[in-house]
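A single chain comes next, written as structure tokens; it is the form predicted on its own.
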């Protein structure tokens, strides 16, 4: 359970940061798209898409960083995990392609707009579902034979992975609803509050179910969460989740505009922290540790120099973009 901050550990935290940044930043715009069927009016959909249009493309930077860093810093893990999740990974990428194309083409047609509305919704739904399935497939464990993946083509498809897939869909939709609460006004915001309440309940229900199921996947998970004295470290996580859930519902019921989105992000962080507690120090859960999978120290040091330069630049321009478009979306076009 201890953490020693050598170069390999630093890269593990860099990848964890990149993945979390992608989840929370791209998660809300995927969630906005998945709310499209509940807002059939074209005008509302225009506002919803405009709310994420300035930032959605940059959000995917973190997905590239996380995948590239995994390949470079932990090549053995990359070689084992990717064959195990080829199908959900391909599905996710195709979904993101359809979502991206819909952003460009929806504004260039009136007669065929319903096609791109469906592509925006469907691509986002597939991407979110596949991300959750991939997470579940990794968390439930993969078969390792020597230094390669030893499982079958369909090992990723189990009841647990479908559960985590739907859970991620619910969580992203909560982020999307709370984002709309923050970025819209009037009737659209009123309905967003309603969906925020519904998906807050749904997301918390999935958190409970997934949390109860996970310790039964691996003996190490059970020992990490329930064995003494490790429980002293893990117990604060569910307590914090309960406290944040209470604050989230209170913020929604009191119709706070910014607090629901921020508290949803905190909820995601706590879930992410719980995931880290479960699998640390493995990069292939229960099979390969981060040190066993690591590339040579010279390679990691070379990459660390580049990352230490590029990541601050990415953070600065991302923060600037969010600051420039910090206001509410004007239904007539633009921000105010």
Partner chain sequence: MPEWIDAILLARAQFAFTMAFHIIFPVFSIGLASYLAVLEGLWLWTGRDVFLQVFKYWLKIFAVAFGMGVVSGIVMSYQFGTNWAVYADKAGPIIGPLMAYEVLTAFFLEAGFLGVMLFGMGRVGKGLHYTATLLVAIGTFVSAFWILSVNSWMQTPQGYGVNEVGQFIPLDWWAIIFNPSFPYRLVHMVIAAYLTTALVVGGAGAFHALRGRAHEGSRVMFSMAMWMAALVAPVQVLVGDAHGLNTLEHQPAKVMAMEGHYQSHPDGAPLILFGLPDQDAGRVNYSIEIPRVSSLILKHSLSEPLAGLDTIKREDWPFVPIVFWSFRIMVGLGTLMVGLGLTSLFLRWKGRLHEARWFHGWALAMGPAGFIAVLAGWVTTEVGRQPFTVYGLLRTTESVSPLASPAVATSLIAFVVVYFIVFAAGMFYLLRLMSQPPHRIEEGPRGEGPLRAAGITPGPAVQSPRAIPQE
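Numbering follows the first chain given and starts at 1. It should be emphasised that the depicted structure is a prediction, and the values quoted were computed from it without experimental measurement.
Only in words, not in the display: the form predicted in complex with the partner chain, which the text now covers.
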Problem set entry | Contact segment among 245 to 253, 196 to 204, 79 to 87, 216 to 224, judged by heavy atoms lying within 4.5 Å of the partner chain in the predicted complex | 79 to 87
For this session: Please run the contact check for residue 153 against the partner chain in the predicted complex: heavy atoms, 4.5 angstroms, yes or no?
Result: yes
For this session: Check whether residue 286 has any heavy atom within 4.5 Å of a heavy atom of the partner chain in the predicted complex, and answer yes or no.
Result: no
For this session: Spell out, yes or no, whether the shortest heavy atom distance between residue 62 and the partner chain in the predicted complex is within 4.5 Å.
Result: yes
Exercise. Any of the heavy atoms of residue 270 lying within 4.5 Å of the partner chain in the predicted complex?
Worked result: no
Exercise. Can all three of 160, 275 and 278 be found with a heavy atom no more than 4.5 Å from the partner chain in the predicted complex?
Worked result: no
Exercise. Can you tell me which residues in 77 to 105 come within 4.5 angstroms of the partner chain in the predicted complex, by heavy atoms?
Worked result: 78, 79, 82, 83, 86, 87, 89, 90, 93, 94, 96, 97, 98, 100, 101, 103, 104, 105
